[in-house]
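One chain comes next, on its own, written out as C-alpha cells in the form predicted on its own.
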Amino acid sequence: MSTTSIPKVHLGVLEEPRLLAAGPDASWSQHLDTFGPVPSPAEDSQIVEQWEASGLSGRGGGSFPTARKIAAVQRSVNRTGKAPVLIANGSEGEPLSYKDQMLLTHAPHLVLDGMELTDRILGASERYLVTKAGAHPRLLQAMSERGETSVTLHATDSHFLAGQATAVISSLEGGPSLPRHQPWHLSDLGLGGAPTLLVNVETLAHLALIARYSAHWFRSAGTEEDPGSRMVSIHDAGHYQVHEVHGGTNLSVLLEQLQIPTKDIHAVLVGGFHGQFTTDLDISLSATTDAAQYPSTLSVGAGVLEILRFGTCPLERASEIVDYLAQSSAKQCGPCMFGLPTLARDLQAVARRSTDPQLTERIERLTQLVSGRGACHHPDATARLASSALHVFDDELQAHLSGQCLHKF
C-alpha cells in the first residue's frame, strides 16, 4: 500500500475529515497534495484484499457490502465473458440529503479516483457518473483537470425514485427514471444486458481512500459492526448541515457535538423519508437496523437526520412525508397506485385530528397489505415510516383521535 501519511481521526464527529480533507472546492493539485496519487496497477490484488477486509458497506442507503457487489460482478464477467459496466450513482433523490452534492462539489477527484480503481479491477467497457445536471459543470472541470475522458456524465431527474438502481438503468437506456420490476441482479444483467456495478459516489470515495491507506486505517473509525466514517445530512428547523461522522456513532453525542440542545428535541427522523422516527436519543446510528441483535440501533440509510423540536406535531410531519411519498411513487403496481394514496389519506385524517375510531386499525392493515407486494421497495419503506409514526407517537395519536394535539396550544 501507499506510504501516504494517514490523517488523524478523533472520536465522535471527525474533527479532521477524511473525505473532505483537501478542503473546499479542491483542485486536482490540492487533491494530489493531500492524498497523493492512486496506487499503481501492480497493487491491484492488494487493493481488492483491503476492500474486502475494510467491511465498507454502500453509502447510498442499501448498505450492502461493497466488496461483495464487486465480487459478484467479477463472477458474472468470468461466467459470461461480457465486459462489465460501472455506474457511479450521485442521483440523490432523497429531499433531505445533500451529502453527495457536497462531495461532488468539494471532492470530485476522490470519486473519480474510486471509479478509476474500480474500473481497473473490473475492466469496465463503459463508465457513467449519474448526477443532477447542476453538478455537471464542477465535474467537467475536475475531469478536465485530470485529463479524464473515459467517464460519461448523465443527468438524472430530481424526483424521489430517480436514484433507485433500476431507475438509473432505465434512464441510461433512454427510458423514464422509474424503477423496473427486475427479478435478476444487476451484477448479472444490468445496463444493456451487461454485468453492472452501480455504487454510490460516497462509497467510491471511500474505496479510493482504503486503496491508499488500508482497511486497518478505515476501520480505525466507527465500530466493529459499522466500520469507517460516513457523511450525514442533518436538518434542524429549516437549516441543514453535512458532517462526516463515525459509523455506529451515538445520536445524543452527535447532537451535543453539533450544539443542538437535546432538551429542545422531541424526536428525530433517522434515515430520511424511507427511515424511522425515534424519541430515544441514546441510539446508535448504523448501516442497518437489526432489532433482534442490536435493539438500540437504527439505520441511518442514505445518511439523513431530521430534528423534530417540541412545538412541531410529529403526526403532521409524518403525514406530509407519506403524502409526498405517495405522490412520488412510480404508479406501476397496486401498492403504489392504490395502497399508498389511501395510506396517505388516512394518515392525513389522523394529522387533522379526526375522531374516527377505525383510523388506526385501517392504517395498520394498510401498512401490512402494501409491504412486500410492490415492484420495488418504495411501498415497504413508506409503510415502515407510517407504522413508525403510529408506534413512536402513541400519546400524540390518542390525543389526535380525541380531537386534540399535544403540540398545538
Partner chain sequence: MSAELEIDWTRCQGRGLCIELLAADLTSDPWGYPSARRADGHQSGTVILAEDQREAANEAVKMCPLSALKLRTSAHQ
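Residue numbers count along the first chain shown, from 1. Since the model is a prediction, treat every value here as computed from it, not as a measurement.
From this point on, the text means the form predicted in complex with its partner chain, which you will not see here.
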| query | finding |
| --- | --- |
| Option touching its partner chain, based on a heavy atom within 4.5 Å in the predicted complex, out of 90, 195, 335, 301 | 335 |
| Contact flag, residue 79 vs its partner chain in the predicted complex, heavy atom cut 4.5 Å | no |
| Contact test in the predicted complex: residue 373 vs its partner chain, heavy atoms, 4.5 Å | yes |
| Partner proximity in the predicted complex: residue 183 to its partner chain, non-hydrogen atom cutoff 4.5 Å | yes |
| Touches its partner chain in the predicted complex: residue 222 (any heavy atom, 4.5 Å) | no |
| Complete contact of 267, 278 and 314 with its partner chain in the predicted complex (any heavy atom, 4.5 Å) | no |
| Answer range among 374 to 382, 28 to 36, 61 to 69, 44 to 52 for contact with its partner chain, defined in the predicted complex as heavy atoms within 4.5 Å | 374 to 382 |
